[in-house]
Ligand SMILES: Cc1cc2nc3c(=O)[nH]c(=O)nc-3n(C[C@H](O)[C@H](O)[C@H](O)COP(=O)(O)O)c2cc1C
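Here's a solo chain for you in structure tokens, the form predicted alone.
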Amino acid sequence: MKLTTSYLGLELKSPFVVGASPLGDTLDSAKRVEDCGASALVMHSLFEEQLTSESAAVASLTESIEESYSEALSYFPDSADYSLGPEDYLNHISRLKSHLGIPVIASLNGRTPGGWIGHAKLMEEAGADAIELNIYEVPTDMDESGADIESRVLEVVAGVREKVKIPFAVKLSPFYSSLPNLAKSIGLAGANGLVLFNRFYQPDLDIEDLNVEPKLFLSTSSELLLRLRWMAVLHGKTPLSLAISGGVHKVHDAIKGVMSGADVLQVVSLILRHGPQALDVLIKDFTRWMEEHDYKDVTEMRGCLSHRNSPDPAAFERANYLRVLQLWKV
């Protein structure tokens, strides 16, 4: 039974990767997920705001927020709130590399071009096998077009490519006007892969104290459907490596992810809920399912239900929308 896969040019023992999370913050937890079968580990992100905290750009940003709503300043975490500062993060990359036998993928989270991108080079020098560039932005400016936002994404991607030789993937949200076109442009700008998708954490409203409260919920299998659709659309149409992030909790989730076209499946919430042993169970269940269905190699499964290979490609398009609306009968 062959589970090996290629992702960002890295040869991995299986498609099961531990995604960006606190699971890589200590050597002990990183070793535990490796022992339970993780084929690679993505570290939690270093944020643009961390790396530019002393710059005029952030000072200007906080000043503009203060003018409009002073309480909003509380949303910027203190430096002590970050689990690892920039220097500690680089040292931790080296520590993980010296103790783990699996690839270590560093992570940068930002939205604007700038000097913070130079930290990608430091991550490379610290020993990272690859980088995950996490593009997280909530547009609020009514004068800024979608084209402006996508142009900024591509500028950030090109800036990282200019700094490093190691491969990197771009982690996107699903909220772009033409995701396939953006994927093509990201590849041309120098990226090696895409991760679908970033999870937007929605704030809640406190109607008594009139506050906006941050909320964090772990993912569920229901979130997988959006990722399956776009993975299926992109598979076979781009040379980029493709990863699913969010919604993989059960063996059937993992099978669907691979059949839609994913090279790797990033798992986090399952492990946070049930511990690293849940990953070991998931991989064993996946292997057992392959044996029961006479798959000898994971590549035989990959993309068999993608848009390109599906017996009903219209199911991923508008026709399916029309069909679904007729299923509910009063």
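Numbers for residues come from their place in the sequence shown, where the first is 1. Note that the structure is a prediction, hence the values are computed from the model and not measured.
This protein has a second form, the form predicted together with the named molecule, left out of what is shown; the following refers to that one.
Remark: residue 22 counts among the residues lining the named molecule in the model of the complex, judged by a heavy atom distance of 4.5 Å or less. Although the partner is absent here, residue 241 lies well away from the named molecule in the model of the complex, with no heavy atom inside 4.5 Å. Put simply, residue 256 is far from the named molecule in the model of the complex: not one heavy atom of it is within 4.5 Å. Using a 4.5 angstroms limit between non-hydrogen atoms, residue 216 touches the named molecule in the model of the complex. Heavy atoms within 4.5 Å of the named molecule in the model of the complex are found in one stretch of 26-34, 283-291, 43-51, 297-305, which is 43-51. Taken together, 134, 199 and 269 are fully in contact with the named molecule in the model of the complex: each brings a heavy atom within 4.5 Å.
Contact with the named molecule in the model of the complex, defined as a heavy atom within 4.5 Å, holds for exactly one of 119, 235, 92, 171, namely 171.
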